[in-house]
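For this one, two forms of the same chain are given in structure tokens, first as structure 1 and then as structure 2.
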Structure 1
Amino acid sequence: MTEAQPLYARVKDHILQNIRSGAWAPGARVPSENELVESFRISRMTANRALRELMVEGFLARVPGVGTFVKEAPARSSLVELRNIADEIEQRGHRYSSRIVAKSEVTANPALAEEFEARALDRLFHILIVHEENGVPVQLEDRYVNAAVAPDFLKQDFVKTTPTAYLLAATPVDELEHTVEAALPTFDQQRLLGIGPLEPCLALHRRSWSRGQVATVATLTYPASRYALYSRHRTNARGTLSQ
């Protein structure tokens, strides 16, 4: 069942495994092209392709005349795309874990109903999760989910799948709204994130629509010292530069 993988992909996997497992820490030197040639019995062009692609993908830094090194993984999350924080953390070669603080069905108060653009909501799910990178809390996820859109939400095992991953798989996302604010943490946030009262936080408030309804409303709180939000993208090649 193992597809025949190209040689350059095998070399990439080998290097990624060593990075992800922590065997090669950030800053560590990775084998030179010629060393890969010998150990994998490949040509230098193939080794070059593997290393070059890993550099483009942000895992390696290469310095002519010196060598190739494991890049420091920037702790930042994408602004534009909906990404699964677990994948993101594992992509950096770190260990993802989570702690579910609360998980329940709730009745909507007026403020929530307004956010969901609904006069009366049948059912609403609530979940509060702390996401951890190498055991350190990096995001507090405070999420409400429209039961009409994802009725099986609470049945999921959120230790294995993050809410984001489940919702992305279960419902199409038609529209997104983001608001970003800076704020000092509340007492509860200090406790859950393990930070002091003077550590500013990013509060990313996100609403997503699915088939015309608000599917979920989430407030993601990031301690400033541990995370930054990031986005990079090409502007439309055909000139629709946003104003």
Structure 2
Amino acid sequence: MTEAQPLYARVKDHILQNIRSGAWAPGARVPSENELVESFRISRMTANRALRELMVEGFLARVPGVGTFVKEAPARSSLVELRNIADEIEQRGHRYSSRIVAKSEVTANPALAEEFEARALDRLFHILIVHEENGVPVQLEDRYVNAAVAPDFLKQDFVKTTPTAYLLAATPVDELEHTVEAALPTFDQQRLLGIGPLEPCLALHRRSWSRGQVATVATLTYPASRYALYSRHRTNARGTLSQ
């Protein structure tokens, strides 16, 4: 670092030195614009440029209303198996938390009735919940549950357990269907996940069957910068799944 460097470059070098030395580990919060302004006696515009360029270069990630953090490699979730997101997060040594946005009993509209493969559904349960890793939203779960399959679903405390964990314990799973789409977030998704309008998302649409009937229909939305979906299978020599 030299005095000839532009001020924003000096701030970038300071942050990068802390990241590369390990002083600021992945997930660590970095100083805010205000803190940088005070520490380096620079303008807010200069501090903003330094942080913005480091985000574009992939070193930092900003969570609106929370702060700016050293960027971690995206966490991964299985594309094929049913996994409890709380277990995945805790296995990485991180803290799991959740926020329930909505929880209610509803009557299926025609589109939902088709998803559940039933012409008339008297009762469906609905939950909208944000799953967080170290306080940062990583998944928005929008789930409908067949009340005939899991009649006690709404009685559960989904701060202490997750919908997936409860359903796996309450009812057997016979079959899974997964569809993944890339999408830009809606306004509500931006607000709940703390992301901007141009942040790409992965939307995993899942249907599961129990004892021959559709038990649950869920859309799991992940900010693509924070989560990745993966699968690994044995195949035969032609590249198709082994039996």
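So that the term is clear: the rigid core is the largest set of C-alpha atoms that superpose within 1.5 Å between two forms. Structure 1's sequence is the ruler for residue numbers, which start at 1. Just so it is clear, the structure is predicted and the values come from calculations on it, not from any experiment.
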Next item on the list: Pick out the form predicted alone: structure 1 or structure 2.
Entry: 2
Item checked: After fitting the core, P200 CA displacement of 2 Å or more between structures 1 and 2 -> no
Check: Cα of P31 displaced 2 Å or more between structures 1 and 2, core superposed?
Finding: yes
Note to self: Once both forms sit on the same rigid core, is the C-alpha displacement of E57 at or above 2 Å between structures 1 and 2?
What the structure shows: yes
Note to self: Given the rigid core as reference frame, how large is the C-alpha shift of I42 between structures 1 and 2? Answer in angstrom.
What the structure shows: 55.5
